[in-house]
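What follows is a single chain, given as structure tokens, in the form predicted alone.
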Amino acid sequence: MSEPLPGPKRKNPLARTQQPLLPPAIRSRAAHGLTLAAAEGRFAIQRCAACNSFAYPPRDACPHCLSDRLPFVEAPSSGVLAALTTIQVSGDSYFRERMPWRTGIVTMDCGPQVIAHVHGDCIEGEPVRLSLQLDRSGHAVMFANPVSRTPDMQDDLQWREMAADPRDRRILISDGRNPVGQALARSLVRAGARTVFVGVADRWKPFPAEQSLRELAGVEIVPLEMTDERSVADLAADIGAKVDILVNTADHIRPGHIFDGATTLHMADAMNATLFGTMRLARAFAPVMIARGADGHHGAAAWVNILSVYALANLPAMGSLSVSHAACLSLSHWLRTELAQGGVKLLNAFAGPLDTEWFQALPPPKLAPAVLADAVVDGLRRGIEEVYVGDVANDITARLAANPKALEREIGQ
């Protein structure tokens, strides 16, 4: 049975900060098929197109018929923990600091046997459920969990290495005037966050949800103007060393077409608020988060970007939104590489049109900010990198994978 993880202790300012270490990161090109599935929270392994047998670990030829047609497909994740061992000594620097470490052999119901990291509530000889998780190096590993939920199972120390559960963490939301930021504050408080800092620009100017935010236990409103370099730097100097998870909700939505007279100004404002605002946040907060990646069980864990799904396929009616978020998506890939040095995860949450005033003219279905907020919390708990929220987001990603040219033509009509 998992023991409840105690809250974070006050850090000794005289103690040396541990350097972030990463698990082994060498993978074959074929193994990156597992990384794709793990990043999206799916369980997929190779299955031979010739003899229909499942194969693991990833390889270039089927071990049964030697066919080279081995696509990654959704697979049953159930199995039996055939053998369990607890490693007490390791020659690897990352694992040496985290001993003892449980590992075992799982016989999958679909055939292969896999070596997996094992949750502390799993029992040898009993059924388990496998999942693909991204370790701190950003690569996929097998993890065995109990079939049924157990008390405090999210506090298992090995599981916390794979996830970024908000419980007992201090979190910064960059824009509290945004309805998504307000919904996130509520969801994170319900998820057990220790402190939720909510950034608000122009604090002298009231907004409708301000009082309800102030009444939430654990929420602290802080001054943050992402278009102002000094404002971002001042806040980082004040709370930068406390932030375990940063949620970037920066947005600037102005409908219009490319030939409109004001489009250039709208685009400049959108890029300043989103792309350059994200860069200001990254420059001020990311280096400290990287350094705190090994700061105990409550160290820096994740960075979240809230993006429009139209970053993947341009919606002409919201052209400036699509372009600015596409730039932010590219920036997030760059930032993920930098954050990986400290084992800090980066989650991109893609959403369709929100049920807010700026998307009033778009037809339904629309996404409630609370649904998006709950999906972000779930993604953090699962330790994934990409989450697509709502019918529109999932439809666009599916059509993009099937025929990107058809989607380009249809979305512009």
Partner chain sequence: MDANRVLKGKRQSYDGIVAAVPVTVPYQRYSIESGHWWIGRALKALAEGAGLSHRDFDGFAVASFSIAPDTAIGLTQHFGLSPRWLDYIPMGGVSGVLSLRRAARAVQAGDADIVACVAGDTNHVDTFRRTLSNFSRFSQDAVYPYGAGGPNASFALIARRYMKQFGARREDFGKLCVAQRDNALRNPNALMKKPLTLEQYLSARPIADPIHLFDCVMPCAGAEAFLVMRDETAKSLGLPSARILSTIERHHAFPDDEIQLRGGWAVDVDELYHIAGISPNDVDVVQTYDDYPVISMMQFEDLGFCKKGEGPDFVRNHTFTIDGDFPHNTSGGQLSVGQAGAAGGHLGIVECMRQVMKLAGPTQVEGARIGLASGFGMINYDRGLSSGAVIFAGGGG
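Residue numbers count along the first chain shown, from 1. All figures in this text were calculated on a predicted structure; none of them were measured in a lab.
Omitted here: the form predicted in complex with its partner chain. The next part is about that form.
- Just one listed stretch, out of 239-247, 115-123, 325-333, 214-222, contacts its partner chain in the predicted bound form at the 4.5 Å heavy atom level, and that stretch is 115-123.
- Interface membership of residue 95, defined by any non-hydrogen atom within 4.5 Å of its partner chain in the predicted bound form, is confirmed.
- Using a 4.5 angstroms limit between non-hydrogen atoms, residue 75 is distant from its partner chain in the predicted bound form.
- The shortest heavy atom separation between residue 60 and its partner chain in the predicted bound form is within 4.5 Å.
- Interface residue remark: residue 66 is not counted as part of the site for its partner chain in the predicted bound form, having no heavy atom within 4.5 Å.
- At a distance of at most 4.5 angstroms from its partner chain in the predicted bound form, all three residues 26, 31 and 90 contribute at least one non-hydrogen atom.
- Checked against its partner chain in the predicted bound form, the residues 84, 291, 307, 312 give one hit for a heavy atom within 4.5 Å, which is 84.
- Only one of 340, 273, 282, 141 lies close to its partner chain in the predicted bound form, with a heavy atom inside 4.5 Å, and it is 141.
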